[in-house]
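Next up is one chain by itself, shown in structure tokens, the form predicted on its own.
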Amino acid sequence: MKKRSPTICPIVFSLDTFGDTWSLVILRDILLFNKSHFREFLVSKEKIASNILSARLETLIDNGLLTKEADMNNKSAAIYKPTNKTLELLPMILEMMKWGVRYNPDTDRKSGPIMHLLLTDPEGLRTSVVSKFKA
């Protein structure tokens, strides 16, 4: 992902750090759907291409949003984990999801426990996600 020259604008900085579609989908998958391996991201409904996925994962690592560790169960695989910096984005990601539910008529509001918690107990959802990664 191409970087702009340094900016004093916090919105531009934020978008440069995590604001493209694929980066947010990857962060969503890690935080909410417990994905942590490259192959798991490839099977997301959005169908990210492997070269784009590689580039976005590398950018997220470079920007301090993810860590990459060797998978002790599979020496040829890596595990991606969110950093505290990413956990601090969770409230914004949940608010974006709530906004999408409100304005996207195609959203499946009954699509599982995450959507249910998002609509009925967003603070409980946030707490649950953060505690999963802080343990």
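Quick note: we count residues from 1 along the sequence shown, nothing fancier. Quick caveat: nothing in here was measured; it's all calculated off a predicted structure.
The form predicted together with the DNA is left out here; the points below concern that form.
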**OP:** Mind telling me which stretch in 24-32, 39-47, 101-109, 87-95 gets its heavy atoms within 4.5 Å of the DNA in the predicted bound form?
**Re:** 39-47
**OP:** Find out whether any non-hydrogen atom of residue 81 is located within 4.5 angstroms of the DNA in the predicted bound form, and reply yes or no.
**Re:** no
**OP:** Report whether the minimum heavy atom distance between residue 54 and the DNA in the predicted bound form is within 4.5 Å.
**Re:** yes
Original post:
Within 74-100, which residues come within 4.5 Å of the DNA in the predicted bound form, counting heavy atoms only?
Top reply: 74, 75, 76, 77, 78, 80
